[in-house]
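The chain below stands alone, shown as structure tokens; this is the form predicted alone.
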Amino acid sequence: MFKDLVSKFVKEVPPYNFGVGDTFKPFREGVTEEIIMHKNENPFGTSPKAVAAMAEQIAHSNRYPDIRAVSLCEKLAKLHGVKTEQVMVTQGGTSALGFIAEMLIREGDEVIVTTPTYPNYLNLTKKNNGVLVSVPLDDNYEPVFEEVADAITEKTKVIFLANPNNPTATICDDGALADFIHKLPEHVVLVVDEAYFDFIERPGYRSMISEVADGVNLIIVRTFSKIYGMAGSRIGYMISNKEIIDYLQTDATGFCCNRVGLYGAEAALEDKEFIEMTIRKNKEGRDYLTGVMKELGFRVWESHTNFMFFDPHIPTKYFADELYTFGVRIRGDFCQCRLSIGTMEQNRVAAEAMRQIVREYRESGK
């Protein structure tokens, strides 16, 4: 039978879950629209400059893209203050993580993650027959680097660290992280996933791109899916030293991503107005929702992203299921709830729904 030909990983890995489950309660009377607040997308659209550039390239879709995306790499190198040879463009950040896992993880290799975190790190470890080592975050959902260091053994190969972290929206102490990088054993590679880094507003907070250097086993992963509003175009990139990037390029299939997305990404980098607007409106929505949640007695962890992590003091799956009856779809399958920040109109709909759910729950005496 065909199933006997399928790898153990494919048989055992659970399908990626984007929400509360496969079945949903029906909408309440009068609710006609589903509001997507569970995928951490940019609700404000895509850069108009990127849209124009992509539209122009559609007519040239018969031509392959630049095999190494040299032009985009040059622009990214200039933006981040590194050399072009230190940048590699990929089909979104997820593809970048896949290249890293394929290159480094072998059967029996240990991979450290700080949990809760992005589930794909777990899947990539299992797919490549690695051994997952979980180090819990502290009560503030921040990593304790002493505990991470204690978890390192001779078998440790990779550490995946999301900063800001998904799903918790929290960040770690940048100085402590930099110190940790330079104390790692030579046989360990640290991957810092900075997919949401552009939403951090803490003055002087450092990207770990500043720590990339020859001889340092450090890879930074970024994406155009969030701040640039290009999730559907699948453009990401990695920054590391030349030696690591050269090996990653060897593992690549040849064509890094699609032609339309590449030109869109170049244009998006130039659209400062769109980036500033996204940051401004995201902060406005985050502040508004934080106020509403605290008014309702929720515990809300400080967000440094375009989503929020909170404890409604109601069973999380129940809360998410009920919110969906108002058309608002969030994640209720983590240890807490995660809600993507939307437009102010969407945020207000979500806020009113949360108020009613809390009221009904309290009145029910559950």
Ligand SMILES: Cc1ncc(COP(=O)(O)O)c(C=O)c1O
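These figures come from a predicted structure and were not determined experimentally. When you see a residue number, it is the position in the sequence shown, counting from 1.
Just so it is clear, the following notes concern the form predicted in complex with this ligand, a form of the same protein that is not shown.
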{"item": "Proximity to this ligand in the predicted complex, single hit among Val87, Ala265, Ala195, Ile112 (heavy atom within 4.5 Å)", "value": "Ala195"}
{"item": "One residue of Leu97, Ile159, Ile219, Leu72 in contact with this ligand, assessed in the predicted complex (non-hydrogen atom, 4.5 angstroms)", "value": "Leu97"}
{"item": "Location of this ligand contact in the predicted complex, chosen stretch of 285-293, 88-96, 149-157, 169-177 [non-hydrogen atom, 4.5 Å]", "value": "88-96"}
{"item": "4.5 angstroms heavy atom contact with this ligand in the predicted complex for Tyr118", "value": "yes"}
{"item": "Contact label in the predicted complex: Ser207 to this ligand, heavy atom within 4.5 Å", "value": "no"}
{"item": "Any non-hydrogen atom of Thr125 within 4.5 angstroms of this ligand in the predicted complex", "value": "no"}
{"item": "Exercise: Thr223 in contact with this ligand in the predicted complex, heavy atom 4.5 Å", "value": "yes"}
{"item": "Residues within 4.5 Å of this ligand in the predicted complex, restricted to 270-298 and counted by heavy atom", "value": "none"}
